[in-house]
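Quick heads-up: it's one chain on its own, the form predicted alone, in C-alpha cells.
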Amino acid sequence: MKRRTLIKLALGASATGLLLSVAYDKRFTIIQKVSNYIDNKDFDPNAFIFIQSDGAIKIICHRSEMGQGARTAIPMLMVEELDVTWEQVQVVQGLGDAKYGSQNTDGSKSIRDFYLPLRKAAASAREMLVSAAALIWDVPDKECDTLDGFVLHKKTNRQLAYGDLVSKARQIPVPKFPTLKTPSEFKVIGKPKAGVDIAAIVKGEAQFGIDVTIPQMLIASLLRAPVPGAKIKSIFKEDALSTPGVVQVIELEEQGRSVNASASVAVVATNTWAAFSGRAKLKVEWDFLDLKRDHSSKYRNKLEQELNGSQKAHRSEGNINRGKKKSSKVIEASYHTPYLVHAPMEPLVSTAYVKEGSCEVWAPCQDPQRAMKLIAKLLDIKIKDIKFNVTFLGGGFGRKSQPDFVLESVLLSKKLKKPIKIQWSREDEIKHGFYHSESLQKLQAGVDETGYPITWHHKAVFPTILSVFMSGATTPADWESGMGATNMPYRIENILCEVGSISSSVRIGWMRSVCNVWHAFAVNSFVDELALNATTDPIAFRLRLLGSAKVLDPNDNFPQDTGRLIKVIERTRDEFGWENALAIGYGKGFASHYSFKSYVAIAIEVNVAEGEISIKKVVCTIDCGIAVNPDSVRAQMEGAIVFGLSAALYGKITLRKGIVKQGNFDNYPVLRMDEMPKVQVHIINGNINVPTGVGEPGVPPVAPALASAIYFATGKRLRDLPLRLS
C-alpha cells in the first residue's frame, strides 16, 4: 500500500484538514502552499503542520532525534507561533524526503537553519485561521486574537476552535509576510521544556533502530574485511551454517569507499544470537593486495615529516618573517591528537525490505536523503519509490550520517528478497568506523618584551574528511581549517595558518565538533604557554589578546563577535571562583572556543594524587544566541563535557598493519559514573533574535581546559591526547 493511500484511508473519505508545507531555496526563503484533504483529492505529504477538523494538530519533526532534543525544540518553534498548547499537539517523525529541505542532522544546524522558516509556517497558519474566523463573524482580522488553539473575538466574547475553521481557512490566500511574535511575547520559545519523548523512552515505548521488527524479517551479522579494500581469498562456512538458527551465508562485494568500503561475509539467521554465533565460526582468509596499511607509530613519524614539508596557506596576514625579526623571543610547541571513534550506545543497525521496483528502510540515520540517493543508485530505482522511516537514534555523533550500514541491509534484502535487519556489534562499530582524524600541529609565536605575540604561525597536518567523497583527496579544505584555526579570534599583527597533505588507510569521517577538537586543543594550550611566558594569568592573557569587542567577518550571516566571547569568558571565570586559591595537588584550567556560531568557555578543577587524575568541578558557559529550550541546551553541554572528558582521558584508536586494535569499552573506555565531576552550566542569550549551534560546541574546550588544570596541579605540560601522566 502506498503511503498516500494509507493516510487517505486513515483520515477517512470525508476528513478535512489544513496542511501547510514549506520549501526552501539556498537562503531558506519560505514558500508556502495549502493542500486539500477532501474526498479523494491528492495531498502533499511533506507538510510541517496539519490541523484536522476534529481539532487534532500534527507537527512534523524533519530532523533526526539522537538525544539532542530536536523533537522537542523544533515543535516548540511552531507551537509558539501557532498559539496552541502542548496537549493539543502530536509530534510526528518525518520520513526521508527532499521537500523538507535539508534533513542532514549534523553541524548543529537544526534550529539555526529552520528557526525563521518554521515559525513563519506556523504564523501563516495562525493568520489564515484568524481570517477564517473573521469572515464567519464578519469582523476585521485585527479585532481577532488567538489563544490555546482558539480564535477569539473579545468585543463579542466569541471564540472558535481551530478545528472548526480548517474548511474555511483552506480558502484563505497564504500570507506572504506573516507577522511573527516578538521575543517579549514568547510563551514557549526560551522557556524550559522537558523532552516530549522522555516518557516513551523511560517506558521502553520509543522505537530505536534496534527495536524494529517486521513479519518474515531475518537478522544478519557481517564479518567485514579488517582493512578497507581487502578482498576475500577463501571462505570456510560449514561451521557457521551448522549453527542453529543460521539460514544462509552470503558474500557481499565491495561497493565503494563511502558505501561499503570492503568485502564482507554475512551470516543470516532467524535471530540475533544465532547470527552472531554463526559469524564467530566463520573462517575467512583475506587478500590485502598492495593496500596502504598504516601503523600508528610510523604514522606519527609521517605526520611530523609532512608538518615540516611544504604547506598550503589558509590564512595569511602581515609578514611572519619580518615579525619574527622584531620579536624578542620565539616560542614553539607541537600538539598531537589521535584517531577517535564515535562509540554511540546503540551500535549501528538497519532494516530494509527490497521489493520489485521499491524499497522501504527503517534506520537510525542522521541523513536519510543521502542514503536514499545511494539506495536509488544501487537498486536502479527512483527516489520516490523509496520509503525511509527514521527511528530514534541511540546516539550518533556524526557516525550515523554515513549510510554504509543502511546500504548493507539493502544489498542483503535485494539478494534474499526478504526483509533483513543488519545488526552491528560494539566491536564492529569500533573496528570498522569512519574515524576522527589523527592530527599534528605546530604553533610558533614571536613575542615582544612583555610577552605579547606579534607573530602567530599555526601549521597543521591531518587527513581530510574530503577523502570520503573524493578518492585520493589529501589536502584539507578551507572550511576544515576554519574550524578553530583560521578563525582564531585573537588580535595579532602577523598571522600565518597553513595545512599539509597526508592520506590515511582508514575511513575518515566527522565526529562531534569535527576539526574544532584538535584546533581548540592546540590553540588554547599554546595560549596558556604564552601566558606562562608572560607571567600572566591565562584568563587575563586571553582577555588582553581579545582587546576591545569587535565583530569579525561582518559579511557572514553569523559573524563572530568577540564581545560575546569575552562575556562567556568572564561569566565562567566569576562562576568558577577563579581567584580562589587551591590546595597543593589541585589545579585549575581554562579554555574558550567559538564553533558552530556559538561561544563556549570552560573551567575545570582537578586533583592529582599518586599519578591519578580526579576531576572535581567543571563550570561551563555558552552563548548560543537565544536558547530555544534551555533544558536541552543545558543537557547538551553536560553531555558534551562527558564526551570531551572521555576523549581527553581515554580516546585513542591505534593501528597495526592498518587494522584497528581496539574493539570495545575495555580498551576504548568512556567516562564512568564515579569519574563524573560536578557540572555547572550557565546560558547567555547573546542575541535574542538568532539561535546558534548547541550539540557540538561544548566539546572543543574540554581537553585543553583539563590539560591546563593538570599542568597547574603537577607542573607537567601535556601536549598529546589522551592525557597521560606517565
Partner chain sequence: MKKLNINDEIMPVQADNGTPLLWVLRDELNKKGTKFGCGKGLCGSCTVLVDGVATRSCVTPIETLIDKKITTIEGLSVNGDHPLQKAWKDENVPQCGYCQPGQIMNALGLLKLIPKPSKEDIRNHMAGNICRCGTYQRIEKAILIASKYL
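If you're wondering where the values come from, they're calculated on a predicted model, not measured in any experiment. Numbering follows the first chain given and starts at 1.
One more form of this protein should be noted, the form predicted in complex with its partner chain, which is absent from this view; the next part is about it.
> Tell me, please, which stretch of 178-186, 105-113, 395-403, 308-316 lies within 4.5 angstroms of its partner chain in the predicted bound form when heavy atoms are compared?
The contacting stretch here is 395-403.
> Would V265 count as touching its partner chain in the predicted bound form under a 4.5 Å heavy atom rule?
Answer no; every heavy atom of V265 is more than 4.5 Å from its partner chain in the predicted bound form.
> Would P559 sit within 4.5 Å of its partner chain in the predicted bound form, counting heavy atoms only?
No, P559 is distant from the partner.
> Would you classify K142 as touching its partner chain in the predicted bound form, given a 4.5 Å non-hydrogen atom cut-off?
So K142 does not count as contacting its partner chain.
> May I ask you to check whether K373 falls inside a 4.5 Å heavy atom distance of its partner chain in the predicted bound form?
It does not: once its partner chain is placed as it appears in the predicted bound form, K373 has no heavy atom within 4.5 Å of it.
> Answer with one of G585, P244, G577, P554: the residue that has a non-hydrogen atom within 4.5 Å of its partner chain in the predicted bound form.
It is P244 that has a heavy atom within 4.5 Å of the partner.
> Given that its partner chain is left out here, which of E251, E285, E427, E332 has a heavy atom within 4.5 Å of it in the predicted bound form?
None of the other options qualify; the answer is E427.
> Though the partner is not shown here, which residues of 176-210 have a heavy atom within 4.5 Å of its partner chain in the predicted bound form?
Residues within 4.5 Å: K193, A194, G195, I198, A199, I201, V202, K203, G204, A206, F208, I210.
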